[in-house]
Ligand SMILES: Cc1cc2nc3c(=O)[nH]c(=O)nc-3n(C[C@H](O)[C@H](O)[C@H](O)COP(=O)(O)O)c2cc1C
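The chain below stands alone, shown as structure tokens; this is the form predicted on its own.
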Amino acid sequence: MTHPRYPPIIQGGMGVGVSGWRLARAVSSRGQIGVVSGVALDVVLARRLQLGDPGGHMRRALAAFPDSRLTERIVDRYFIAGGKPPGQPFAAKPMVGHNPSRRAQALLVAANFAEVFLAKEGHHGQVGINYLHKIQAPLLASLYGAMLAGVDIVIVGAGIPLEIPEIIDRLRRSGPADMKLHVQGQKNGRTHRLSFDPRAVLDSPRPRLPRPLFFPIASSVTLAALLVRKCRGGVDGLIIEEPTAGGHNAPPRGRQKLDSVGEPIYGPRDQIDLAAIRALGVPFWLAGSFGNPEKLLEARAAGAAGVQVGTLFAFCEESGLRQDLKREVIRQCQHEPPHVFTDPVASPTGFPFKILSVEGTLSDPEAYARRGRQCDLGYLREAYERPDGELGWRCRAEHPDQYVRKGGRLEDTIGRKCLCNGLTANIGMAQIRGDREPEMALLTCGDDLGDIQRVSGCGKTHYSSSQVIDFLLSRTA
């Protein structure tokens, strides 16, 4: 099976700001599919503006937004000429819950528009955006903003995104859209839904938008088949992700068991039958340790359209990771790659999460123990139903006392890490706390770091996205 209309490489949509517009634009300009991460783009935009918007890129993108009054308010609120003083905390932005304010929704729409607009600027390649279905509250407004900028592909993982194609169809007509909200402890069969209406946020919504393709991420044949058969509006492609991929992983099927070092054990039930995936008749890409030319050939031989690659792109020049973190990881890979630990409890979501061991980050247990626990960004909070039927929000990584006061179990807080602040620190946007100490980074990547040296070359501590693409395509005709 061949898929001539699709490129063989999809660049991973990684973390908060790691797969930023610069990386996606560079990859798409080479004829592959560049992807921006859609996670926490509202905080990324607000903090870029507070850092002085170097190069003026954010303000240039916002100037192209169809509602100038909306974006002018954002710039007036957050932009600091020359950037904020180094020791000054970033200004807070609204946390998004089940009933977000117009200001919170406007920031989400504008931020997603800006990231996609810049990624698509100056070329005709395809640009995708990656969302986590687990992060439900910002999703509708975020998706609309990306569609306003003409995003080509919507990629959604970490959940069962059955409603997304219908939502895309409603939003492309700038009509209201809603989706079911997963709520802990809901009673009496009550259903809670999130809603978003572009007409309540923009003064003059566009009457009709281009329809992006929909590529959900699946980690099993069962989920892939469910999505293909049940998504109203259709699935245009699948990303089939193995548990060696970076970031969040699907938990092992069946009762979870841990190995001697505390990592989840994946077994035969977690192996993906590619013949069954191929029989679904939908183009698919393989992800999880497929970042080399041999694996690309193997994927194509199995009927895949290509591969999705994250880790190699995460440490390239155009990624949003801090330069010092990139250099340190690449330097270590010249000798012995640092350890990647699949932590079964670090993420507040309950999904296993891969953590890269790097000195001076929250992978260090002592550094983690020193951090005061608090939740002030809130992307990984869970909705729960209070005794009176109203909704509340809590995070397993917040202070345990607060979590318990909200009806949560103390044991659910043990070992949790604040991914929101750690991943934001990865890209040079660490919040400054009351003691003038910045939040510490928390790196994630896939299990296989061995190909970094093959791309960078012996003794070098930097490489470009073009070098990654050339490396991946080096064995293809």
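The numbering used is simple: start at 1 and walk along the sequence shown. Since we're looking at a predicted model, the values are computed, not measured.
This protein has a second form, the form predicted in complex with the ligand, left out of what is shown; the following refers to that one.
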Point to revise | Contact segment among 304-312, 189-197, 84-92, 397-405, judged by heavy atoms lying within 4.5 Å of the ligand in the model of the complex | key: 304-312
Point to revise | 4.5 Å heavy atom contact, residue 119 to the ligand in the model of the complex | key: no
Review point. Can any non-hydrogen atom of residue 444 be found within 4.5 angstroms of the ligand in the model of the complex?
Key: yes
Exercise for review: Using the partner position in the model of the complex, report whether residue 247 sits within 4.5 Å of the ligand, counting heavy atoms only.
Suggested key: yes
**Study point:** Close approach of residue 174 to the ligand in the model of the complex, 4.5 Å, heavy atom
**Key:** no
Check your understanding: Every residue in 43, 108 and 146 with a non-hydrogen atom within 4.5 Å of the ligand in the model of the complex?
Key -> no
Check your understanding: Of these, 352, 159, 288, 320, which has a heavy atom no more than 4.5 Å from the ligand in the model of the complex?
Key -> 288
Review point. Can you pick the one in 151, 114, 217, 141 that has a heavy atom within 4.5 Å of the ligand in the model of the complex?
Key: 217
Exercise for review: Let me know which residues along 173-204 have a heavy atom within 4.5 Å of the ligand in the model of the complex, or say none if there are none.
Suggested key: none
